[in-house]
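The chain below stands alone, shown as structure tokens; this is the form predicted alone.
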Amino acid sequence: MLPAPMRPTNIQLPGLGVEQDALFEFDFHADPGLLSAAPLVPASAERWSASGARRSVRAGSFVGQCTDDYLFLHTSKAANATTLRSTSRDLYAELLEQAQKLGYHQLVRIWNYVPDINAGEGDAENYRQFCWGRAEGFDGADWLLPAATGTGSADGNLYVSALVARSGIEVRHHENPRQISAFQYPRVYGPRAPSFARATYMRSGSQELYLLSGTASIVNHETRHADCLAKQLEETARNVASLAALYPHLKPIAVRCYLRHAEDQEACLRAYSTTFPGFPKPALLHSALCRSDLLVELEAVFAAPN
């Protein structure tokens, strides 16, 4: 039996203020909102909150919200096989420029939803074209790439959502010892590596948050268990545990699972319940993934227990 809807999960961004207001929300069912992936089962929405007065922002092609500590920007733009590289390059260059103009200088989390992500052969694959353009958008810029997710969009648009912090927030980016850094992937994965940090840690005062990138059944740089959902979840759990071990006092409070095949949802939930004991019920989303041999990808948010 599929789970019943849950209360929204409040993800409080580290800051010195006490009062928290929603900076942005991912509502998986009432309105998919910023997500291009399709929700599969009732699940908790994510309500990302920050302290301080909240203001609406329009910055070039991007719209969003900001507080004194954080900026959230979101955009979408039509793209196809011939324009995806240039569209990705231009959107990322604009994102960095607009964030800097507004006074926010630390990327902490990015979500990308790429149209027809697995379409095309070799370097013409859409995901490789997206990674190429994204890397070009960062060329010459003094920015560190944070935790990120890259899956498929449900239409012909490229979606980019980014959370950016001011310099006063402590931000650290981490790699996974079980995996080669995505910045150093071999040439077989495209002209430019699919660059992102495996996780990003944030702190302000005593408040902490730990954001895991989209994580899958990949060891070193190779996919494992290409034909088995349960084994892919087990390998993914080992990667998550490796990252979680860096901050063992933090506990998972929100999880998303992206599934390539909608018909795998019940099997995924059964396997998840035994593979991720103690983790919250996941939001289950139907989406193509960055590699055609991946069946499931998971991202998570960790915080100090209440």
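In this text, residue numbers run from 1 along the sequence as written. A quick note: this is a predicted structure, and the numbers were derived from the prediction, not measured.
The protein also exists as the form predicted together with a small molecule; that form is not presented, and the subsequent description refers to it.
Taking non-hydrogen atoms only, F196 approaches the small molecule to within 4.5 angstroms in the predicted complex. Under a 4.5 angstroms non-hydrogen atom cutoff, the small molecule in the predicted complex has G214 among its neighbouring residues.
Residue contact with the small molecule in the predicted complex: Y127 places a heavy atom within 4.5 Å of it. Residue contact with the small molecule in the predicted complex: I218 places a heavy atom within 4.5 Å of it. Only one segment in the set 94 to 102, 149 to 157, 136 to 144, 81 to 89 has residues whose heavy atoms sit within 4.5 Å of the small molecule in the predicted complex; it is 149 to 157. This chain is displayed alone, yet in the predicted complex one of L295, I11, L285, C290 has a heavy atom within 4.5 Å of the small molecule; that residue is C290.
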